[in-house]
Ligand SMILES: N[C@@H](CCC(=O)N[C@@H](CS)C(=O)NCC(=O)O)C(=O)O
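Next up: just one chain, as structure tokens, the form predicted on its own.
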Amino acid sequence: MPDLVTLYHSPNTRSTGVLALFEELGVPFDLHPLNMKAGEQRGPAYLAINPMGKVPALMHRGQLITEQVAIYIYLADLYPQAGLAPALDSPLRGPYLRFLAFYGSCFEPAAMDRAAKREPTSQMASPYGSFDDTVATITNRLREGPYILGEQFSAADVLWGLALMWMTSFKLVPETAEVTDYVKRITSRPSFARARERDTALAAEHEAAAA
């Protein structure tokens, strides 16, 4: 069993997906909650760990791992017995890495630009080309479903399921049949229910502490 991983987490943030991923992995971990309502993520104790003051963040074997995509890759590879990442010699390894990287390099930047109502730059200068092409890329992939890798559920689905749930709830991504069916399929898994339950309890504790 690998050394215990510490997850720095705040409820109802991007790190909620990592909480769900740990539930899917079925492994013990050390949960270190940060009360963002009290500003703990910007306090000197946490900034000494992660100078960006962001979650999620992992500490494992004395090393800091940040950035959502890196965390998903790291954890799924660290616990291969869970079967959430294709092996290095699997033909699905390339598509798996592609759609994990696509989320961080294209999809989220496109969605955040849309949320901020920024004027789109030229496709040549944009890191993601166009918003419509970015959304079409993931929608077309989901059409081949039921998961990002077709019949194989993976850590990529934990990332995308929660992300698309938030993006559609804020009306940043069109609620097509492919997207809404996929979100329901992923977020109805027991791992997400358990992560939501923990987040609800943590959020109530943080609200009370900050009052």
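Residue indices: 1-based, along the sequence shown. Given the structure is predicted, the values throughout are model-derived calculations rather than measurements.
A second form of this protein, the form predicted in complex with the ligand, is not displayed here; the remarks below concern that form.
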| Quick one: is A155 in contact with the ligand in the predicted bound form, heavy atoms, 4.5 Å cut-off? | no
| Interface membership of P56, the ligand in the predicted bound form, 4.5 Å heavy atom rule | yes
| Does the ligand come within 4.5 Å of any heavy atom of M36 in the predicted bound form? | yes
| task | Would you check, heavy atoms only and a 4.5 Å threshold, whether E144 touches the ligand in the predicted bound form? | result | no
| request: Name the single residue among K184, R61, R42, K171 that comes within 4.5 Å of the ligand in the predicted bound form, judging by heavy atoms. | output: R42
| message | Tell me which stretch of 172-180, 25-33, 144-152, 65-73 has a heavy atom within 4.5 angstroms of the ligand in the predicted bound form. | response | 65-73
| said: Going through 8-29, which residues have a heavy atom within 4.5 Å of the ligand in the predicted bound form? Please give them in sequence order. | reply: T13, R14
